[in-house]
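In what follows, one protein chain appears twice in different forms, each by itself as structure tokens: structure 1 and structure 2.
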Structure 1
Amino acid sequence: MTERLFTLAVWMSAALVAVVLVWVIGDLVRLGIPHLSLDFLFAAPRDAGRNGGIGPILVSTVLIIGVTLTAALPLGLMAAVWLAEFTTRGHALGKAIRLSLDVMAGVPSIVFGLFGNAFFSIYLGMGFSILSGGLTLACMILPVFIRTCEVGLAAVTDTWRQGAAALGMTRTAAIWHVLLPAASPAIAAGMVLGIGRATAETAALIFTSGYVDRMPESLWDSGRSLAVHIYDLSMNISGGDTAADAAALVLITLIVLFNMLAQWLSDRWLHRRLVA
């Protein structure tokens, strides 16, 4: 009897989570679809976002993520290569860097927002801009990106390093032509995690990239990201709920699409570098 109850409890908890998720997504689709159209994606918001579309907001979102990746990818990849290939377990500086990355991974996103506001917006004088928002997010995604890349590089078998050395390749060449391609699925996974976080982030952007919903003219302009738009519509604009639901639907679709794209890119890259 208790045996059956236990099995039932396990199945019920799984079913509960599935039902609630379907409920959430079902509500978003039901409430958001009527508002969704091609025009919604490209038009400028009118009437504080109740009508019109999300065109400029999509552009700002893409620009913010572009800045984030431009800053975080090269720096993060270089740090990951150093940690994985040039340090051993007891290396003091390596340990210190790993520890500080672990600490950074735990910092709440609103605190990154405070930091971005104080450092990028005010101290460096970038103001409320796409640039300061993107750089704030870059700091936020660095730890998870570096950790994923490092694990991926460490997982490459030592035979390949020895093989490269036996062929007289410099370590630089070995890293570029052998190790990085071999670790590319992990690098892509780190990228996906980073892009996912950056796209979903709201709290860190409110006080760095700001609220302005016009089409941004440069990276120094304030730009409202999609997540901030959803927050603003639902909290500060009465009657903005349906537009918020439609925007939320777009946001979720974007996150799923980014995931698929990164997966496809990594598959292609791996194929070309290793087979050809």
Structure 2
Amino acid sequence: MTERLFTLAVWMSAALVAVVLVWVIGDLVRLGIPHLSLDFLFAAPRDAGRNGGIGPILVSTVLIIGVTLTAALPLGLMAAVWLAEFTTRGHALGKAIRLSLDVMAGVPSIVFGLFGNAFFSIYLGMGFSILSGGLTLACMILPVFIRTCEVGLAAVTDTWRQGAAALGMTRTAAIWHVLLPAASPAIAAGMVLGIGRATAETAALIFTSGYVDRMPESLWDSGRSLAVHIYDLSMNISGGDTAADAAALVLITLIVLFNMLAQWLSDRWLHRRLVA
């Protein structure tokens, strides 16, 4: 009886999560689909976003995410490799870095926004720009990405390392051709979590990338992300709810596409290292 009750509770929990997800997405589809069109996707917003489209905002969002991933992925992957392969559990510096990462993962996004504004926008002179917003988001996703990749590398059994050593591979070659491909599911999971948080971020970008809704000409221009645009339409613009629903549907679609791309790139690139 206990086993059956536990199994029923597990299935009911999974079903509840699925129902909530379908409810949210279904509500957005119902409210947003009537407003979606090619003109909405490519045109510039008019009348404070009530009319027109989200073309410049989509471009700004993609550029911000591009800057974020370009800055965070190499740095995060190298930090994870160092923590997993070059330190021990009792290593004082490693323990301090792990504790710092865990604390940073729980820091509210508004704090990262204030830091990004003070450091990137003011101290480094980047101002309200796509570059400033992307680098701020990179700081936000690094803790989760590093810890996820570290756990994935640590989970790779020592037989992989011993096999690489038996073949005469250097430590660098073993990490690049053996350990990273073996840990690719964890790396992909870290990328998915990071992309999801960065794409849906609002508070940090208000202080760094800004509110400007025109087409950006460079990374030094201010740019409004989709999440900020949705917030502005919902909270500050009377009559902007319909456009906000359509933009939210586009944002969810964009997150799904980014996640699928991250998974595909991880499988294609990292697994190819095994046969390289």
Partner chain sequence: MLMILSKVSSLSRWNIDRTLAPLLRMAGMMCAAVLILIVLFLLREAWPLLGNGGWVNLFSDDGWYPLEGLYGLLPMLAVSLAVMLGAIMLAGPVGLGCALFLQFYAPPGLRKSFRLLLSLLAGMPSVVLGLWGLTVLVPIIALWQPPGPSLLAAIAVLTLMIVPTMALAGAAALSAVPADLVSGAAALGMSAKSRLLYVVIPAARHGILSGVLMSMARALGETMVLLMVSGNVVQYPHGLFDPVRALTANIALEMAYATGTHRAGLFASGLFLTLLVLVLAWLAARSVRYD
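By convention here, residues take numbers in order along the sequence of structure 1, the first being 1. All values derive from a computational prediction rather than experimental measurement. Rigid core here is just the name for the largest C-alpha set that superposes within 1.5 Å across the two forms.
Trainee: With both forms of the chain shown on their own, indicate which is the form predicted on its own.
Mentor: The form predicted on its own is shown as structure 2.
Trainee: What is the turn angle of the smaller rigid part between structure 1 and structure 2, given in degrees?
Mentor: 19 degrees, smaller rigid part against the larger.
Trainee: By how many angstrom is the Cα of V24 displaced between structure 1 and structure 2 when the rigid core is overlaid?
Mentor: C-alpha shift for V24: 3.7 Å.
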